[in-house]
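Single chain ahead, by itself, as structure tokens, in the form predicted alone.
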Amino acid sequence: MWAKCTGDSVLVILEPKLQKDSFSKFFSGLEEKGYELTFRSPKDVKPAVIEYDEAKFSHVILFAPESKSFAQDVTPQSLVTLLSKHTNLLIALSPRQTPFTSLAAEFSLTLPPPGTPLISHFPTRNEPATVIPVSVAPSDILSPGLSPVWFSGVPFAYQNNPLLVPILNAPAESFASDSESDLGADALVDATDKGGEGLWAGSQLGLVAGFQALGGARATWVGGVELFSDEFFQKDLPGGGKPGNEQFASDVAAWTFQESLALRIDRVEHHRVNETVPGQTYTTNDQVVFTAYISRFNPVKSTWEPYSGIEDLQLEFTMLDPHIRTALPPVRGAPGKYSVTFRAPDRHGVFKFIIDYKRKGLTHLHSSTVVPLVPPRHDGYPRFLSAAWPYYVGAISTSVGFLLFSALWLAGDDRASAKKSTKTE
């Protein structure tokens, strides 16, 4: 049994006309990992997704691609609320217009007009043009060496959002058409001119995409629910061989439910060089050591393990704007430990040690530690500065000259008085 770092309760909202047995392999695969699946239809009220302003499930699978009416607790607004409560979402779409079609735009995904499924005539096959074998590009989310997967559904265009995580893109020769009985190149020409919408075609279109929320929750959008079906799991590829749908679906669910690529910062430490106790305050120009300990979740062993695989981690020492931005490299021989030594800037104020690491597919790492940076005390300044020796010499020579002048002037006055008294006698 695999353990989960965010919980094992899963609510599956299944459209009535979709048979549970049609997705038996996918659901049984989740149960073998230890997930507890609860099923309900879109219009059912119980079990509630949110009750007393608290999420009742750790994950929600929404396999209702054509339903247009849902219970009050399953609305676009409630799903957004679920993400803020750290509940992960797996949502399947379809070419039909539904309430969740507009919700996709909130996740920076633009869908084509309703009724425009993805179509491709390559490679040659006996299946309809809307049932497409799609090659899988290498990704940290997916298992290496996956075979092409069968897909049928709607594509979407990516907007410019760093939180989006593309997982599966459309084939280069595919396009979205408003007719499932596509007759050839004429449909392509019509698509370029119709309504001024342009051509929905090529590998820039997405079929499966993830969204990594700032709070840590994940949402995955899939253009067609058939990708998870037993039929597509077992359908032979045009050139022969088993498709990669089963492993692909398992990998997508593992990422969505935060089994894979889940990181966390266990703790951070900071102190002066040659010290071990964290400083309550630091003085300008102090040599400061900052250390972070990072771990990665291993679902097989049910543990968080030290992780030293981040090569581009950075630390910022900031007051409003970063005064210092430096690499925070892993320490050799110390798994999970990242450390750097730097000189505090010659600027006093309230500073922060900040780690803000965002990479596609990985859990966002954020840490902020406030420390005061003060100027030296009155007895903390050096007594003599090498750069000030010209001023020291000037001051000393002036003082010596003044003393000599005073001595000579006083001595000269005594001699004049002595001469005057001698003449008087």
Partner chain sequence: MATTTAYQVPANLSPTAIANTSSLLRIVALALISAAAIASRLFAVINFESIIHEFDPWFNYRATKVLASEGFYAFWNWFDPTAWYPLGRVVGGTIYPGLMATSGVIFYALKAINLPVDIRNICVLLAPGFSALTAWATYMFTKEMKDESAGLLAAAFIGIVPGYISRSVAGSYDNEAIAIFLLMFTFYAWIKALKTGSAFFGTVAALFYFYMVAAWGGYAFITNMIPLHALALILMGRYSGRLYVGYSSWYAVGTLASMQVPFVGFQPVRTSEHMAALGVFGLLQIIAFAELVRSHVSSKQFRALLFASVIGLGLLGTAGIVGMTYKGWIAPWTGRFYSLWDTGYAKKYIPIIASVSEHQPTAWPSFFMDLQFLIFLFPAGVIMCFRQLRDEHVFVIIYAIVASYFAGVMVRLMLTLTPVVCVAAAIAFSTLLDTYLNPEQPEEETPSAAVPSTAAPSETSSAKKGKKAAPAPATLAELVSNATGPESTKRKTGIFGLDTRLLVILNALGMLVFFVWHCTWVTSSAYSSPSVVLASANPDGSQHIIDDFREAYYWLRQNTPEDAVVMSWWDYGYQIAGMADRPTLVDNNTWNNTHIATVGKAMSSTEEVAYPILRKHDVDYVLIIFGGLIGYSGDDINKFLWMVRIAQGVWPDEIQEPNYFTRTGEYKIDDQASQTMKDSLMYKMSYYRFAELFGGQQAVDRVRGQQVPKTGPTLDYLDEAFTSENWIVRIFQVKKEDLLGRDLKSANSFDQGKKKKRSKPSSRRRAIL
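Residue numbers count along the first chain shown, from 1. For clarity, every value in this text was computed on a predicted model and none was experimentally measured. Just so we're on the same page, rigid core means the largest C-alpha set that superposes within 1.5 Å between forms.
In what follows, reference is made to the form predicted in complex with the partner chain, a form of this protein that is not presented.
Only one segment in the set 133 to 141, 223 to 231, 254 to 262, 316 to 324 has any non-hydrogen atom within 4.5 angstroms of the partner chain in the model of the complex, and it is 316 to 324. Although the partner is absent here, residue 145 sits far enough away that none of its heavy atoms falls within 4.5 Å of the partner chain in the model of the complex.
The closest non-hydrogen atom of residue 106 lies within 4.5 Å of the partner chain in the model of the complex. Proximity of residue 128 to the partner chain in the model of the complex: non-hydrogen atoms within 4.5 Å are absent; the residue sits far from the partner. Although the partner is absent from this view, residue 378 contacts the partner chain in the model of the complex, with a non-hydrogen atom inside 4.5 angstroms. Screening 60, 30, 55, 373 for any heavy atom within 4.5 Å of the partner chain in the model of the complex leaves a single hit, 373. Residue in contact with the partner chain in the model of the complex (any heavy atom within 4.5 Å), chosen from 283, 295, 110, 247: 110. Of the residues in 214 to 251, those that come within 4.5 Å of the partner chain in the model of the complex through at least one heavy atom are, in sequence order, 214, 215. Residue 28 is not among the residues whose C-alpha shifts by 2 Å or more between this form and the one not shown once the rigid core is aligned; its shift stays under 2 Å.
The Cα position of residue 69 differs by less than 2 Å between this form and the one not shown after fitting on the rigid core.
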